[in-house]
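Just one chain is shown here, as structure tokens, and it is the form predicted alone.
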Amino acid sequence: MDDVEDERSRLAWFLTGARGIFSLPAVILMLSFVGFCSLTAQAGIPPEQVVFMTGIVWALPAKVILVSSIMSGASLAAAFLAVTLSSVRLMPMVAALVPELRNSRTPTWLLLVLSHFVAITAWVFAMERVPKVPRDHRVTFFAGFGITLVAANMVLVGVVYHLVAEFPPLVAGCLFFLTPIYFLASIWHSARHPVIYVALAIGLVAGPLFYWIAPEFDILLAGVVGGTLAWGAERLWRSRREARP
């Protein structure tokens, strides 16, 4: 009897996570995928490959890099390296989320599988909502959201592929740009320490500068420099405050 109730409880939490598909982060991501679908249609990539790409290469910027590599005629090794480097940024997100999800009985293989679903949207959604979920059901909750989000976007891409082929590039670009804008606004809104505001502000200013200096590494450099300067400023401010009598 207890096993049956436990299974029902898991299913209920899975479905609770799956209902996150109607949340603002998920809706914005799906609109961004419409823009991405337009890009792939204009690049001449077959719809079945776009659907497969959506499920296997989950982070949207990585998919854009892959499509851009295909369009530019880059070698397989170069495309692989570019996508890999773009996805390294997700590692800190996984490292921050896993301790919030796991309990003493969570198997490592399950966390590795769920890490595939960690990207900007899933991370923002989970970090805001997971703390309110009982720890024993957090993995199930996140699995419900992550699996549903990926599956929904695979279906969306397959359905709208032929409808968006004639989208003007400006419209497709605007739809795609919704996700980073939402991510930035969410991080700013959920920040709990002033150092995060400082890091974001420095990164926003440094981003365009590094685009002209080193366009291949502009986001990476802006993030490293912004975070380092913000950390240094916070350490200096704290040491001065502690030194006061």
Partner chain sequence: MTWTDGWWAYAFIAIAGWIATDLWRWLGVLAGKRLRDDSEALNWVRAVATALVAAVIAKLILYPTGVLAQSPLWLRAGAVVFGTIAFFLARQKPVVGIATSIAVLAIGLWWLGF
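Positions refer to the first chain, counted from 1. By rigid core we mean the largest C-alpha set that fits within 1.5 Å across both forms. Just so you know, these numbers come straight off a predicted model, no measurement behind them.
Quick note: we don't show the form predicted in complex with its partner chain, though the next part is all about it.
S.K.: Considering A26, A199, A41, V34, which brings a non-hydrogen atom within 4.5 Å of its partner chain in the predicted bound form?
M.R.: None of the others qualify; the residue that does is A199.
S.K.: Report whether the minimum heavy atom distance between G226 and its partner chain in the predicted bound form is within 4.5 Å.
M.R.: G226: yes, in contact with its partner chain in the predicted bound form.
S.K.: Answer yes if any heavy atom of A222 is within 4.5 Å of a heavy atom of its partner chain in the predicted bound form; otherwise answer no.
M.R.: Within the cut-off, so yes.
S.K.: Does the 4.5 Å heavy atom contact test between G173 and its partner chain in the predicted bound form come out positive?
M.R.: Residue-level check for G173: yes, a contact with its partner chain.
S.K.: Look up in the predicted bound form whether E100 has a non-hydrogen atom within 4.5 angstroms of its partner chain, and give yes or no.
M.R.: Although its partner chain is absent here, E100 would touch it in the predicted bound form, with heavy atoms inside 4.5 Å.
S.K.: Quick one: which residues from 124 to 155 get a non-hydrogen atom within 4.5 Å of its partner chain in the predicted bound form?
M.R.: Contacts from 124 to 155: just R135.
S.K.: Answer yes if the Cα of L15 shifts by 2 angstroms or more between this form and the one not shown on a rigid-core superposition, and no otherwise.
M.R.: No.
S.K.: Once you line up the core, how about L170: does its CA shift reach 2 Å between this form and the one not shown?
M.R.: For L170, whose C-alpha is compared between this form and the one not shown after core superposition, the shift is 2 Å or more.
S.K.: Which way does the C-alpha gap of P168 and A82 go in the predicted bound form, closer or farther, given it changes by 3 angstroms or more?
M.R.: P168 and A82 sit farther apart in the predicted bound form.
S.K.: What direction does the G207-V88 Cα distance move in the predicted bound form compared with the shown chain, closer or farther, given a change of 3 Å or more?
M.R.: Residues converge in the predicted bound form, at least 3 Å closer.
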